[in-house]
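We've got the same protein chain twice here, in two forms, each standing alone as structure tokens: structure 1 and structure 2.
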Structure 1
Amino acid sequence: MAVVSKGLEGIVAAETQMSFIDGEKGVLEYVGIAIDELARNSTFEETVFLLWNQRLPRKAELDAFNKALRAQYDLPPFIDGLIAAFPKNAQPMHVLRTAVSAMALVDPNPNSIEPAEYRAKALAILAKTGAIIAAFDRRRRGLEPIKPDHSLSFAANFLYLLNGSKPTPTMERAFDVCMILHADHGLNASTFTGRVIASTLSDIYSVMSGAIGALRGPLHGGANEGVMVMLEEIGSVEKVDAWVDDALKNKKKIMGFGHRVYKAYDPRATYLKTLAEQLSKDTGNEKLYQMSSGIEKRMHDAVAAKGIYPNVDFYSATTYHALGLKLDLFTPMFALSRISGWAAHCIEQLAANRLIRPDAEYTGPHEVDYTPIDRRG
């Protein structure tokens, strides 16, 4: 009898050069470079180049990549009109999935998986996704979308499109770091979904739509929303200790703590915590950071010995709120970054493709007689 691993836990289904994770030691590397080092020194654009090429770019290569990415910021009129037609109460992740899928309708050769074309399509999707999210959010607030500023970085342009003003350097840097930290993370559910679709030789729009659908699930991409809900429920710094103690006593999940992979401090959260503190001061959101810091301290005193530490969602929630994002835009921010990793994995999958088609252990009956409909009770 075959051994069944529910959730495919412990099953190696692919080889990859994208990211390495050691959950016991709290290590995450992109193409061998520690995530904390990238967060402190790199940019999102440079990180995307690293994932797509398995090496850091030279200056001329990074300049060319930035230029190509910024040239793709604008939305096609059809997509802009489609977003305008969406109900204002639609959920942003459903909007994002639908608009990304619809981009295939304005691509004259949507099904091509020729390597150069595939990369060009991935670049266009990555460049336009921020405009999709910002355009919908502004329209539902009764505001007109803003045209992209091609002189701005990926992070700065998105915040400009969303808020209508150019971000401060601290805001730009904080968002850029969030994009770096979420870009890739092994063979997670959405990345696996993307690789499965790519393995059928389907188009990149189907890949991205499927991956977005997987990310939307609350067991995957919705944890940072849960952190913000928790902070709003607690309400003040003074109530933190009592709230945490009560939650632990009643075995209530503390959002933003623990991870299926990490048994040590999430390496993505280390530098983000520092940035979240600075950003909270710059934007007048110190209360939120103080509450977050208080929760972490109380949790450390109570359960750190059990290997339960903050994950990247814990401080990204505070960061996104300070940047002016509404709660239901938190998971789309995850997708905005992770598109880079999904594309990298699918480029890798197609380079040495084999259809992903696992077996299933049948547990149903055998040799059951067919009963005519007039004899079924």
Structure 2
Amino acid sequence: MAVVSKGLEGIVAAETQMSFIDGEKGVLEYVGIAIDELARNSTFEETVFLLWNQRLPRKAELDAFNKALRAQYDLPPFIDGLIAAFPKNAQPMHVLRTAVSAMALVDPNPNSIEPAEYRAKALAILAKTGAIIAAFDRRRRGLEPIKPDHSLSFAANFLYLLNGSKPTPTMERAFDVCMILHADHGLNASTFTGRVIASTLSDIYSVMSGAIGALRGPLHGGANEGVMVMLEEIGSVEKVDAWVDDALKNKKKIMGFGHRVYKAYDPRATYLKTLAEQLSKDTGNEKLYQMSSGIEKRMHDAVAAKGIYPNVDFYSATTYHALGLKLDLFTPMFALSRISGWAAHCIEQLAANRLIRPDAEYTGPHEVDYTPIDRRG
């Protein structure tokens, strides 16, 4: 009988040069550079270049990359019209998955996996995702979408498209750092989904829509929304301890805690915690941050011994809230950044492809007689 690894835990299914994770020590590196270094010194655009080329760009290369990305900010009229036709009460992750998938319909050569074309498609999808999310959000609020500003960075352009005003430098930087921190993370569930689809030599639109679908689940990227719902349910700092104790007693999962790989503090959470604290002070709304750090403290006393610490989603909820984002845009923010990691992994997968096709241990019956329909009980 084969050994089944439920959830594929511990199975090494690919080689990668994108991100290195040491879950015991709480280390995350992109192409060998510590995430903390990138969060302090880099930009999202530079980080994407790093992931797509396995090295930091020279100045001229980064300028060219920025120019190419910004040139792709606008949505094709077909996608704009499609978003206008979506029901206003649709969920943004469903909107995003559908619109990214529909981009294949206006690509004259959607199935090409020729390396240069594949990268160009990845760049276009990455550049337009912000406009898709913002256009839908504005339309559901009864507002017209705004045209992208090609002079703005990826982070600033998105906040501009969403809010109709240019962000302050602090907001732009905070959002940019969120994008850096979410860009890649080994063979997580959505990246694995993307690599499986890429390995069949299917198109990049199928890759991206499949990965968006995997990310949406509450055990993966959807947890940041779950954290916010939990904070709203708890309601005040005073109620935190009793709420956490009750949840743990009832074997309820606390959203934003625990990780398949990290058994120490998620290094992305460390940085997001600082960001959340700073933004909460800046906006004069510290309640959510105080509740979050209260939950962290209570959880630490109760379950840190089991290796359960805050993950990337825990403090990103407070951070996004402080940036003025609505609850159902939290997971799309994850996707907005992670598209870069999915693309990097699929470029890597295609460069040395082998169809990903694991086995399953059959546990059902054998040699069962076929019973005609009129004799079935």
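Note that the structure is a prediction, hence the values are computed from the model and not measured. By rigid core we mean the largest C-alpha set that fits within 1.5 Å across both forms. One-based numbering along structure 1's sequence throughout.
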| property | result |
| --- | --- |
| Which of the two shown is the form predicted together with acetyl coenzyme *A (ACO) | 2 |
| Between structures 1 and 2, rigid part identical for K239 and T200 | no |
| Hinge rotation between structures 1 and 2 - smaller rigid part turning relative to the larger, in degrees | 10 |
| Cα displacement of N250 between structures 1 and 2, once the rigid core is superposed (Å) | 5.2 |
